[in-house]
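Single chain ahead, by itself, as structure tokens, in the form predicted alone.
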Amino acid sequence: MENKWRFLKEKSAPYLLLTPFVIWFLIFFGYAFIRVLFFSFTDYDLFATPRFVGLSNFQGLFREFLFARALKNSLTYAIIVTTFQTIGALILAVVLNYKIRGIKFFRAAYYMPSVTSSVVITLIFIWLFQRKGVINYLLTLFAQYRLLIWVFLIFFLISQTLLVLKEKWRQRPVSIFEPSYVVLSLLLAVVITFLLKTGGFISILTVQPLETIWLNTRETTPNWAGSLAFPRPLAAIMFLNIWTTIPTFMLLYLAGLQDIPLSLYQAAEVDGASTVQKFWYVTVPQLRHITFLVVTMGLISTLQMFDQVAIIGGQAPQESIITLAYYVYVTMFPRSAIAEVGMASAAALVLAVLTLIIVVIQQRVTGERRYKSE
């Protein structure tokens, strides 16, 4: 009897521990989902009795211009931001994984944007993107010094290439990014650029100060993309989100890099692999499970992006920055109109289904191959 009672306690303990979470989940997610599903088939304004209308709300969504724009903005935002934040996080993690003095300081410094309030960061970026703000000032400086920058880069590449080729010709193992040669090439490029400027062969260009309108505009970018171009205010939000989310995913990649056996890199070096080859054939495959997690989390968060749009909402035209999550909000809580709970609920379901479909597709493309290879 005692053994039976002990067995029963061991089996019931996990369920007892999960009970608070299950209750919380059922109340705030299960019940909410059922209500949203019900309201999506009704005409409801928060006050009158819900009236069943069938699929009219879903039909109305796909006929509405603002919803179509929100759908396009959300997909564009999700694809671009997820791509750049994944690549940026991987590269930054590889750089910060080197064992050099003071590396912990740089890791903490790069992670700071992720722990700062998104509201504060967004308000700062609103100031940076003003017509006479810091972003336009920096772009003006780049336009003025672009000739010097191009000359510097060209001579750096020439010097680095010649130094590496010289060692290759002598049949010495050397990486294309050999640190000593990189420093020497940088010094040579700086000296040559300085001499050319001093001698009057190149000079700082005179340009008009750029006053690009980043937020309060309906213009699209890039101009050559045609129908694939997206609103410029949305591009500003993309830049903001990429900058703030890269550090979070960088930590995941850093953790993954710690688990890669050093013997794999040593074996690659014995086979004569370069730095780029070791990164592509050792680092990237070994981090495929982290990449799967990062891409999945990135897609879900970007498709549900709301806070930056809500804060910037008064600084830009609504159709230029609206996303599906923000469309649900403004439809549910309009400023000076009657709430359309049915339309908002239908849009929320579309957002949920779209997120599920994209994540499943991403899992099919990357997840199944991972499991099969293992």
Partner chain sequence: MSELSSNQQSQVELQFRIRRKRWLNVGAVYLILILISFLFMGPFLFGAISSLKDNPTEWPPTIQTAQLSPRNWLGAFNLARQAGSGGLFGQFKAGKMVQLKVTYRFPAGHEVVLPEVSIPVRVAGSGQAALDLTQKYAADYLEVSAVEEIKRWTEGGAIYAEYQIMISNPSHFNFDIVPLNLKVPYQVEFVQGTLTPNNIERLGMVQSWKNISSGLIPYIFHNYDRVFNENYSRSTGRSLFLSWVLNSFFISIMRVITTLILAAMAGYVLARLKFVGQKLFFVLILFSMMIPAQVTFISNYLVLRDGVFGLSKMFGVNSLLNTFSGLIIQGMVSGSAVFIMKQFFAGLPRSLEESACIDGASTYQTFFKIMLPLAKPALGALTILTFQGTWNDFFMPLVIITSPMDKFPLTVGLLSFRIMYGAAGMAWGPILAGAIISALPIIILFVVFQKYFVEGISFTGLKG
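Positions refer to the first chain, counted from 1. Keep in mind it's a predicted model, so treat the numbers as computed, not measured.
Below, we refer to the form predicted in complex with its partner chain, which is not included among the displayed structures.
*Asks:* Would Leu61 show up as a contact with its partner chain in the predicted complex if we use heavy atoms at 4.5 Å?
*Replies:* Leu61: no, not in contact with its partner chain in the predicted complex.
*Asks:* Would you classify Arg35 as touching its partner chain in the predicted complex, given a 4.5 Å non-hydrogen atom cut-off?
*Replies:* Yes, Arg35 is a contact residue.
*Asks:* Check Leu234 for me: does it contact its partner chain in the predicted complex (non-hydrogen atoms, 4.5 angstroms)?
*Replies:* Leu234: no, not in contact with its partner chain in the predicted complex.
*Asks:* Taking heavy atoms only, is Ser159 within 4.5 angstroms of its partner chain in the predicted complex?
*Replies:* No, Ser159 stays farther than 4.5 Å from its partner chain in the predicted complex.
*Asks:* Choose one stretch from 149-157, 300-308, 266-274, 188-196: the one whose residues place a heavy atom within 4.5 angstroms of its partner chain in the predicted complex.
*Replies:* Answer to the contact question: 300-308.
*Asks:* Of Ile87, Ile176, Ala225, Val95, which one comes within 4.5 Å of its partner chain in the predicted complex, counting heavy atoms only?
*Replies:* It is Val95 that has a heavy atom within 4.5 Å of the partner.
*Asks:* Give me the residue from Ile290, Val282, Leu251, Ile80 that has a heavy atom within 4.5 Å of its partner chain in the predicted complex.
*Replies:* The residue from Ile290, Val282, Leu251, Ile80 that makes the contact is Leu251.
*Asks:* Using a 4.5 Å cut-off on heavy atoms, what residues in 317-332 are near its partner chain in the predicted complex?
*Replies:* Sequence-ordered list: Ala325, Val328, Tyr329, Met332.
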